[in-house]
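Heads up, the chain below is alone and in the form predicted on its own; it's given as C-alpha cells.
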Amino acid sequence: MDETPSSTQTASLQWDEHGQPQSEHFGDLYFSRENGLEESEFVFLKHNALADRFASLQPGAHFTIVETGFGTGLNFLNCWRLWASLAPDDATLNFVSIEKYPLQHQAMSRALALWPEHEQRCARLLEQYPPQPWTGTQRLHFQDAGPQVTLTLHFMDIHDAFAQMAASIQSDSAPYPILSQGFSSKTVWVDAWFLDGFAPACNPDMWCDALFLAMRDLSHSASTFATFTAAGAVRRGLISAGFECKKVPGYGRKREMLCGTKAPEAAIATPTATRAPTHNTWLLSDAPPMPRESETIVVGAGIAGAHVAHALACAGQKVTVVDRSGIAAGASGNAQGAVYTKLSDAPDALSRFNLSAQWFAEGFYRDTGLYTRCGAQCGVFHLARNDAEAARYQRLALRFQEDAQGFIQWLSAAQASERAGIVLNQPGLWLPRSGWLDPRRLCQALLDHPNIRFLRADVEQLRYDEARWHLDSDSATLSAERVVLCSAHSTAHFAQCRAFDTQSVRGQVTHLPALPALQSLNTVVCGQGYLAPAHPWEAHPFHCVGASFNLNDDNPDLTIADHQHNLDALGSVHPRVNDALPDASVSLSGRVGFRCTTRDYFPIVGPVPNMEAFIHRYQGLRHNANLNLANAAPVHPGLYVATGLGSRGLAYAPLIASLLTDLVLGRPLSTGTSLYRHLHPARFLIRKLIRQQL
C-alpha cells in the first residue's frame, strides 16, 4: 500500500492596498494588518516561552516545533532568528510545517519583503524552497557556524501530513515508538506547537479531533502550544485531547487567544476521534533507547559511507569510518559522475523520491561549496531519447513552468545545443542547478571533519555483545554502540543482512582524451550514457564517458566491447563527434566498478531487522496482506544500513544520509513515511511474507 500524499495546488492570493496577502480560497488574511511580524512573535514565540526555553537548552540539544500552516514562512523566520541568538552553538532546531496551498516563490518573496529585518534569512529560505506545486515531504537544511536549523515541509493535506509524521520518530535516542497512523500515546518528540492556518470558521477541516489527537500523541509532558484563535470548538477539542488551555489577551485588536501545555496523563479524557489501523508498524524499531552521543562506526568509505559519516558528524556525533581498500576505492572511485536521477512527472513513489533527492542534492552541494571544490555546477541536460520520454519530460517541465526557480526547463534541440556548447540532435530537460563531481575528491572532502577518523581495515564479521557491536577485522577488533553498513554489495556478506534483495552490476567508464570536437562542451549531457566536460584537475585532461551496465558479469578488467558501447552512446548524443572518435581497439583507459542496486530500484536505508524474530512476529502476513500489526519490528539494536544506491549515488546520497541521521537522532524524517516505507530494509521481508516465500 503506497500512502501517496494528496496533491497540492498553489495558493491563489489577493493583495490589499498595503501589499498584504489574503487567501482567495479561505477568504482570510495570512497575518494581522496591524503588524504581522509582531503578531507572530507575540502569539507563537512568547506564548510558547521559546526565549527562555532556547536559552536554557543543554549543549547538543534538539528542539522540535510543529506548525499547521506554513503560509509565507514568517513564523519560521521569526523562530529561526530567535534560535540563532539564544540556542547553544551545537544545538539543532527541527521545525516541521504543513501546507496544502503553498505560495509560489514570487508571492512569498513579495509578502516577506514587508519585513526587511528578515532579508538574509528570506533569501536563504527562498533559495532552498522547492518550486511549486510540490507534492510530498521536502527537507531544507540551513548549515550555519552556530545553531543548526532543519525545516521539514509537508506539502499536503494536514491529515496526510500527520500520517507522514507517524512512524517517523523511532531512534536510538527516542524512548518510545510511534505506531504508524495510530500514534502511540507514549511518543515523545514535539516540544512546541504553532497552531496557525486560517480561522476555524474559514478552514474547519483542519481544526478537528484528528488534529488534537495527533497533537496529544506526539507531545510530551512539557510540550506547549499557542494559537491566535480562542474559538470554543478549538478549546474544547484541545481539552478533550489532554491539553490544559488558557485564554489570554490576544494581539492588537484581537480580544483573546489560546495557549497551554499537555495535561498530566491522569487528566486526559478519551478522545472522540477514532484511531486508524496500524498497517505500518514494521517501520518502527523495538530496540531499547541509546544515548544520542553514542559512538558510531561507518563501514565503507565510498559515496554512501562518506555522506552518512559527514551527516552524523555535522550533527555532533563522533564517527569512525573503516574501509578495507581506502577512501572511494570501489565503485565510488570514478573520476567524474553526474548529479542526476531518472526524472518523471508520474505520481508513483520512485518518481517522487527521485525528484526529492535531486532537489536536495543540488542544494546540498551548492550550499556546502562542494560543487566548487570537487566539480562544477555546470548544469545537466537530459536528452529525450524517444517520444514517450519527451512527453514525460514536457509534462514535468510544464508542472513547474510558473515557479521553476531554475530547477527544470524543457529545451528544444537548438536551445539545448546553445546551452551545451555542442550540437545535440534531441530536445530534453535542462537542470541548471545540477552538475558533475569528482567522487574521489568528494569523499575526501566529506570525511575531512573533526568528528571523523578513518581507518583502513577489512571487517570480516559483526558480533553483538554487552550492548556493543564488535567488528572483527584483519588488523584489530573495533567496537561501538552503533554501526552503519555502507559497504555496497559487500553488505550482504554480513549474516545480519542476508535478507536484502541486492545485486552487483558491473559498470565500465571510458576515459576519452580531450577532443577538439568536444572542447566547447560546457555542461553534462545524459542520454543512453553520460558525457561530462573535460576533467580540469588531471595532468592530461580527459572526458568521462559511460557507463556500461552489465548484470551477471564479475570481470574486473577493461574490455574493448564496453569501450565501444560507451563510444556508440556518445555518438548518439553528439552526432558530429563520430568522425573524431578513436577506434575502440585503440588503447583507451577507463575504470571498472561494481555498483550495488536493488530489484525495486530504491536504496536500502534504516535499521537492520532481526530476520528470524521478524518472520515470527509478522507471520500472519502470509495469510492476510492487510493484517493490522500491533507491534514494532524486531531489529538488531544500533545496527543500520545505507546501501543500494546503484548508479545514482551522487544524487541519492545526501538525502539518504539526512534520513539515516534522522533515524539515529530521532528527528522528523526527511522523506516522510510514505517514501520511507519504500526505503526501509524490512520491505523485502514484508513482501516475501505476503507472497509466502518465507
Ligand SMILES: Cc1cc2nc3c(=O)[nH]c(=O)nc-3n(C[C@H](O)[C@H](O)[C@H](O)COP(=O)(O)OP(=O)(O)OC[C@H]3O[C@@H](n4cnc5c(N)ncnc54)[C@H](O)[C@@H]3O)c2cc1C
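Counting begins at 1, following the sequence as shown. Since we're looking at a predicted model, the values are computed, not measured.
The protein also exists as the form predicted together with this ligand; that form is not presented, and the subsequent description refers to it.
**Student:** Sort through 535-543, 136-144, 483-491, 352-360 and report the only stretch with a non-hydrogen atom within 4.5 Å of this ligand in the predicted bound form.
**Tutor:** Going by heavy atoms within 4.5 Å, the stretch is 483-491.
**Student:** Can you tell me whether Y530 touches this ligand? I mean in the predicted bound form, with a 4.5 angstroms heavy atom cut-off.
**Tutor:** The answer is yes: Y530 has a heavy atom within 4.5 Å of this ligand.
**Student:** At the 4.5 Å heavy atom threshold, is G379 in contact with this ligand in the predicted bound form?
**Tutor:** No, G379 is distant from the partner.
**Student:** Check whether H118 has any heavy atom within 4.5 Å of a heavy atom of this ligand in the predicted bound form, and answer yes or no.
**Tutor:** Answer no; every heavy atom of H118 is more than 4.5 Å from this ligand in the predicted bound form.
**Student:** Does any heavy atom of G507 come within 4.5 Å of a heavy atom of this ligand in the predicted bound form?
**Tutor:** It does: once this ligand is placed as it appears in the predicted bound form, G507 has a heavy atom within 4.5 Å of it.
**Student:** Which residue among G638, P634, P668, G649 has a heavy atom within 4.5 angstroms of this ligand in the predicted bound form?
**Tutor:** Going through each option in turn, the one that passes is G649.
**Student:** So which of P607, G305, P603, G375 reaches within 4.5 angstroms of this ligand in the predicted bound form, heavy atom to heavy atom?
**Tutor:** Only one option qualifies, and that one is G305.
**Student:** Residue by residue through 456-472, tell me which have a non-hydrogen atom within 4.5 angstroms of this ligand in the predicted bound form.
**Tutor:** Residues within 4.5 Å: A457, D458, V459.
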